[in-house]
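Next comes just one chain, in structure tokens: the form predicted alone.
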Amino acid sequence: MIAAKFVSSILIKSTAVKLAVSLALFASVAGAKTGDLPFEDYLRKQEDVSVRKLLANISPRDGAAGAVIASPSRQDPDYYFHWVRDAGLVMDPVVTMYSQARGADKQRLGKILSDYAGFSRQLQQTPTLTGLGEPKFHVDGRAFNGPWGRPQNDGPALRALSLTRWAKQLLRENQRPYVTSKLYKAEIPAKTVIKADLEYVAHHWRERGFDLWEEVSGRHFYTRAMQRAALEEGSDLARALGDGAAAGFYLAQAREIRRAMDDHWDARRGRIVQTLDRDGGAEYKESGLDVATVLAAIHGGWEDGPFSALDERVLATAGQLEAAFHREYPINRRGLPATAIGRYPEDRYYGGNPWVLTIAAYAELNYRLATTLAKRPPAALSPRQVDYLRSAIGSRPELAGVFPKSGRMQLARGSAAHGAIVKGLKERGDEFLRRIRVHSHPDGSLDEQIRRDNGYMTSARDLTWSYASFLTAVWSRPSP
């Protein structure tokens, strides 16, 4: 499912639906308020709002073409900057829209992506305090040299990841000359945006840096996951463009990162620990629990295998996080759908609240798990996988007695239990999106956070990442 309305209608082809979409960048929200709609209609309406709000935050009038503002908020907090990380995450859904668009709409989306690639290359060449690991810039492309957590090495990986996915789409459209001149050219020193980022990631992934939340310095699971994903995708692109030596080097580094990610698994506590080798930052983050581990499984794009949504370590960590947030937030004890999810249990920023993007991440986690189990169910579920499923969907009447009290569980494809589990996971994902609906503004606007005590939205308004996270979640929703 892709955005339901754009100014000029085009036809989107997908495996399940054909939707008319448009590129209304600054149109006002029309029709019913999102809270007044049946759930399926709400999803389409919120999708439309999210597309338009997201695109409105790209190429601001007082900034450079291709810049992505984290939020229009300029004070309390001031998010009117281009964060390399946020922009990479935001552009991924734009790539998805581009890949399914036609005609004038495809040209407009292509222009947005081309502007972003050009602006990104400009930033790579801008003198900064930390080179390509610089976390954020002014919207006109000037370096931000104020105090900040530096370097942040997830940004180059995420930028490479989104642009590599676009480059692969362009190659399918026979646009190789553009790809090799602007995105990836097999030359050292690198003079194209993807090549420069991949070289940086491949040579710097062992170094410490600041985490996803810009608070702790060390070696981080999320950063490593994004570096691994970027190098895996980049290896494919390099090979397709005849850069075989680089392809082999990128893949070798990705495999080393994959092995290093295993170090984050704490078997004694049964959780993935976000940060190892801490050497500075917020000392009060003690549990090691962090929703960044769930985001890593989603943003990496792995359908199955190590650290995908099906990985028992990811599910065990997700279960512990949800239980901690249920205890932590008063708003979770009011009988509302699902659980409002925050960043980590010890969070103090803005009082330590649930975030829209982290709630959406749990919707996407359950949707991805449902899709994987529907397509490729393992012959047996491990005890940790069973524990997650029991906690997430075990209270549903149709699943009464399905899950063993402990141990492994056989899962026969096409069985009643198999179908009920897949259905239950989809409905569980829906509950998290219903939770976002409860707290969103009447017109569907989404801020950064939700106050832990009363459920009202707070912090940065119209957070671009909030809209991106809703879109990737709803686009991961299994078809009926």
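The first residue of the shown sequence is 1; numbering continues from there. Fair warning: this is a prediction, and the values are worked out from it, not measured in the lab.
Only in words, not in the display: the form predicted in complex with ligand NOJ, which the text now covers.
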Residue-level question: is residue 448 within 4.5 Å of ligand NOJ in the model of the complex, judged on heavy atoms? yes
Distance check, residue 212 to ligand NOJ in the model of the complex, heavy atom within 4.5 Å: yes
Please determine whether residue 43 contacts ligand NOJ in the model of the complex, using a 4.5 Å cut-off between heavy atoms. no
Ligand NOJ contact at residue 54 in the model of the complex, heavy atom, 4.5 Å: no
Please pick, from 367, 307, 83, 205, the one residue with any non-hydrogen atom lying within 4.5 angstroms of ligand NOJ in the model of the complex. 83
Looking at 433, 70, 58, 49 here, can you tell me which has any non-hydrogen atom within 4.5 angstroms of ligand NOJ in the model of the complex? 70
Within 4.5 Å of ligand NOJ in the model of the complex, heavy atom basis, the matching stretch of 255 to 263, 349 to 357, 371 to 379, 227 to 235 is 349 to 357
Need the contact residues for 454 to 479: heavy atom within 4.5 Å of ligand NOJ in the model of the complex, sequence order, or none if there are none. 463, 465
